[in-house]
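Taking the form predicted on its own, here's one chain by itself in structure tokens.
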Amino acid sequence: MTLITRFAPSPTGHLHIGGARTALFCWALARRHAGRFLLRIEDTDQKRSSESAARGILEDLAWLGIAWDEGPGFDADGRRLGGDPRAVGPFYQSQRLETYRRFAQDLIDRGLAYPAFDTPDELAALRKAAEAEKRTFTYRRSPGYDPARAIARRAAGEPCVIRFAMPPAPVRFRDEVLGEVTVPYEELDDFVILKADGFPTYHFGVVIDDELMGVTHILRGQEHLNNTPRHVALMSAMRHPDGAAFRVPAFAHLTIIANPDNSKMSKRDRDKAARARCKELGVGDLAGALARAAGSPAAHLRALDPSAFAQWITDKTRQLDHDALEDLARVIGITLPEVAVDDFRRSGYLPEAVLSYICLLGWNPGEKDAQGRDLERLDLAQLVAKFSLERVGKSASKFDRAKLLNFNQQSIAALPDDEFVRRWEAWARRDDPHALARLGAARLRAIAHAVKPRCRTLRDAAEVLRFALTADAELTFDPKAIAKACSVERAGALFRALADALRAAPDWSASALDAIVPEVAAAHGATPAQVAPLLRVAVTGTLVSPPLGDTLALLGRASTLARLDRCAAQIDRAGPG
């Protein structure tokens, strides 16, 4: 039998990093056993699902390099992902409704499912009664339930749901990570399998699709463990049209990914961080937030409006959509914690660094490196060669952002300069077009060797070269940097000598420009360490930049001299002369 795994996300937002870890493990297990990895989009929640979110998930997986063999077709960097070679699609559940209804009807016909007409108020009363009796609420058919009358009411068009009649016996199954699991009948209710709108619930759709698509191994997060007894019970009850029984696949429930404080890593962490910053600033409305924005507020807002902000700031259960939250973060000056794959992509992480880190969250290869330490970095080929469910852990994995950042810095440092520039250009085209327009790949290529070692993320390249992305007339000079640079004796005279030497420089190459500082220092009885800060603060506004020769070559003669002229007055005022 061919081993088949699947990843089946709901398109309600960007792909969570935990979902990416699940997809990666599914992919690795399939590759390890020469099987197939299938992608299915579970879009039956009509209120929360969206086409844009579904496409975003495909883009996230493709960016990471997790290629699905079967599923929605998608073109990525010249590769065609997905397809339906076994004719088991379509791969969007919203396109499979007739299949679900047919199987639901079969269960009704065999007395294993039934229409239920309870109103929300009636269900609330049942729950309240259970609470008063200090017992867990489990839905059961009332003793006087009349199946024939219920079926007739449904046939007449009366709205209802379809519930599965849970067999009165415990449910047992084996989990490849957690071992044997037994759940008593008393803890399992007659759950809904088909909603009143004709769409399946998660429980029903996933069981049918896994069977019809031939899935042999189901890997998913431990938050789904309570769902599995219901799914196993359904699998045991269901039949194909020819009478063949459904199979029970192998299950493996993966540990959750937690923050360093042991809280579950959630998309709500971003809203939490933004609310805390608003509280810190004393911001209670959007106007107050905008007052904190630098520059024109219109430049910061695309998706955030006053009414959405007002509801969000007073209701901790609400979440702003992704773009609105990004807008707010820029306005209030905060870097949001990365949680979704797209967050890491926007921040300038490399996909290979993200994969290398998350593959060791909740799994380890059981091997040591040459120094006897646990292996900390694996590429995809190594993961496939070593992956097994036996080494998946049972306890929560803590997400260490500092460690991932270190991984990313190492990955960037290992890139050839041309590849670094290519990656940055692709990132900036999508996530920082302003930097791309101001800097350009050609200029970055000339200084890549100096910028790359200073980058922990691709976004850092723009920060390292912020001075080059700023118009000459808009460059601000750090007062502390000016004061420190001008504390050197005869700072004013040294500055004028630098300006004269640069104006007369016949060669504007980095190597030639590097020679100017020691020449000026020697001519004036100073050291290069005393002269260099004067030039650096004049052209960058700070005391930190790439090597001076590279910095000046990147700026060009005109910008360098314009900045020297702007800084001259401040040097004269601040320096002792």
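Basically, rigid core = biggest C-alpha set you can superpose within 1.5 Å across the two forms. Values in this document were obtained by computation on a predicted structure and should not be read as measured data. All residue numbers are counted from 1 along the displayed sequence.
What comes next is about the form predicted in complex with the RNA, which does not appear here.
Visitor: So in the model of the complex, does R48 come within 4.5 Å of the RNA, heavy atom to heavy atom?
Guide: Close contact exists here: in the model of the complex, R48 approaches the RNA to within 4.5 Å, heavy atoms only.
Visitor: Indicate whether the RNA has at least one heavy atom within 4.5 Å of a heavy atom of E223 in the model of the complex.
Guide: Contact check for E223: yes, within 4.5 Å of the RNA in the model of the complex.
Visitor: Please check if R102 has a heavy atom lying within 4.5 Å of any heavy atom of the RNA in the model of the complex.
Guide: No, no contact at 4.5 Å.
Visitor: Given that the RNA is not shown alongside this chain, does P433 nevertheless sit within 4.5 Å of it in the model of the complex, heavy atom to heavy atom?
Guide: Because no heavy atom of P433 falls inside 4.5 Å of the RNA in the model of the complex, the answer is no.
Visitor: Among R496, R391, R141, R154, which has at least one heavy atom within 4.5 Å of the RNA in the model of the complex?
Guide: When the RNA is considered in the model of the complex, the option within 4.5 Å is R391.
Visitor: Please pick, from R438, R318, R454, K272, the one residue with any non-hydrogen atom lying within 4.5 angstroms of the RNA in the model of the complex.
Guide: For this set of options, the contacting one is R454.
Visitor: Would you point out which of 332-340, 378-386, 242-250, 174-182 contains residues with a non-hydrogen atom within 4.5 Å of the RNA in the model of the complex?
Guide: Answer to the contact question: 174-182.
Visitor: Enumerate the residues of 535-565 that have a non-hydrogen atom within 4.5 Å of the RNA in the model of the complex, in sequence order, or give none.
Guide: The stretch 535-565, when checked against the RNA in the model of the complex, contributes R536, L543, V544, S545, P546, P547, L548 at the 4.5 Å heavy-atom cut-off.
Visitor: Cα of E176 displaced 2 Å or more between the shown form and the other one, core superposed?
Guide: No, the C-alpha position differs by under 2 Å between the shown form and the other one.
Visitor: Fitting the rigid core first, would the Cα of S49 be found 2 Å or more away between the shown form and the other one?
Guide: After core superposition, the C-alpha of S49 moves less than 2 Å between the shown form and the other one.
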